[in-house]
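Take a look at this single chain in structure tokens; it is the form predicted on its own.
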């Protein structure tokens, strides 16, 4: 076997990548290709289309005409937009706080392993398997003043003397919807927090107890700090879902009474399919998307 030696007595450096490295690079692209195609077709392409629609006068039927930036300038003229923004922010704040508190309480309740705890975990999570539209119809039927069972039950127990207008006033409609969301999502968020709680090493709790820490100190000094990444995930999911709320209001209250429960996504829906202004609806969608990305970025940085 001969060995080629340069004048300096060293082997020549390889300038081209090896065949194995090229093969691994191709395999990596092949593995990523299906996901890239799905993301491109189901996310990037529709997003680009929505942005392009927001720059045009785009009727439901007829030819689109470029009119940028008119669709964005007329957002403030929408009679429902400002009220919908204020209502959605109010709904998001109340829902996020209550949902986080209830989910954390349920997670702490079923954290320890003991007989029968699996039944309660399943029972708390079970409403999450119900579709949102079905849950809205279920609550509508239960709280209906004409045929719902809740009002007769409350009157039989002498809690109320007359039927309660569960969705007849703005405040009652809001809090009835929040009750629906708590019932639907508390178990799901409990599961997220339970995963974070079980990831905390038991040795940390044992060391704290050996140092004389009480329950409150263990919760505030150990559980909450170590649960912070999981709490951040749950908060981001809760805030994003609340800002994009649509199903619960569309099915349960239909935006009433007197448009008091119209969310931002419902304004987009009404612009698109009642006013047939797809360009204006697309502009609202883009503004909502930018606001969501900015808010989630701030939350991730603050909770990191």
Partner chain sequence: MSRYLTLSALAVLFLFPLVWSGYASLEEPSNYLEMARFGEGLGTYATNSVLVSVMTVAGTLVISALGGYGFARFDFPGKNVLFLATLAILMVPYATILIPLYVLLGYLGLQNSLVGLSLVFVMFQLPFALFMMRNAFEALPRELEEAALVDGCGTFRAFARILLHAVRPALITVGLFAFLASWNDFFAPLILLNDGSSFTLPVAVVSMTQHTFGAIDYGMLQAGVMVMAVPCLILFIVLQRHYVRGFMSGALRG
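Everything quoted here is computed from the prediction, not taken from an experiment. Take the two forms, find the largest set of C-alpha atoms that superpose within 1.5 Å, and that set is the rigid core. Residue numbers count along the first chain shown, from 1.
Keep in mind that the form predicted together with the partner chain is not shown, yet the notes after this line are about it.
**Message:** Which is the contacting stretch out of 79 to 87, 118 to 126, 170 to 178, 155 to 163, given heavy atoms within 4.5 Å of the partner chain in the model of the complex?
**Reply:** Among the candidates, contact is made by 118 to 126.
**Request:** May I ask you to choose, among 55, 262, 235, 272, the residue with a heavy atom within 4.5 Å of the partner chain in the model of the complex?
**Result:** Looking at the other structure, the residue within range turns out to be 272.
**Prompt:** Pick from 225, 149, 212, 201: which has a non-hydrogen atom within 4.5 Å of the partner chain in the model of the complex?
**Reply:** Exactly one residue meets the criterion: 149.
**Item:** residue 216, heavy atom within 4.5 angstroms of the partner chain in the model of the complex
**Value:** Outside the cut-off, so no.
**Request:** Report yes if any heavy atom of residue 100 sits within 4.5 Å of a heavy atom of the partner chain in the model of the complex; otherwise report no.
**Result:** No, residue 100 sits far enough from the partner chain in the model of the complex that none of its heavy atoms falls within 4.5 Å.
**Asked** Even though the partner chain is not shown here, does residue 29 get within 4.5 Å of it in the model of the complex, heavy atoms only?
**Response** So residue 29 counts as contacting the partner chain.
**Asked** Quick one: is residue 300 in contact with the partner chain in the model of the complex, heavy atoms, 4.5 Å cut-off?
**Response** Yes - in the model of the complex, heavy atoms of residue 300 and the partner chain come within 4.5 Å of each other.
**Asked** Check 93, 205 and 231: does every one of them have a heavy atom within 4.5 Å of the partner chain in the model of the complex?
**Response** The answer is no; none of 93, 205 and 231 reaches the partner chain.
**Item:** Residues within 4.5 Å of the partner chain in the model of the complex, restricted to 235 to 274 and counted by heavy atom
**Value:** Counting only heavy atoms within 4.5 Å of the partner chain in the model of the complex, the contacting residues of 235 to 274 are 244, 246, 247, 250, 251, 254, 265, 268, 269, 272, 273.
**Threshold 2 Å Cα movement between the shown form and the other one for residue 29, core superposed** = Passes the 2 Å threshold, so yes.
**Item:** residue 60 C-alpha moves between the shown form and the other one by 2 Å or more, core aligned
**Value:** No; residue 60 is a residue whose C-alpha shifts by less than 2 Å between the shown form and the other one when the cores are overlaid.
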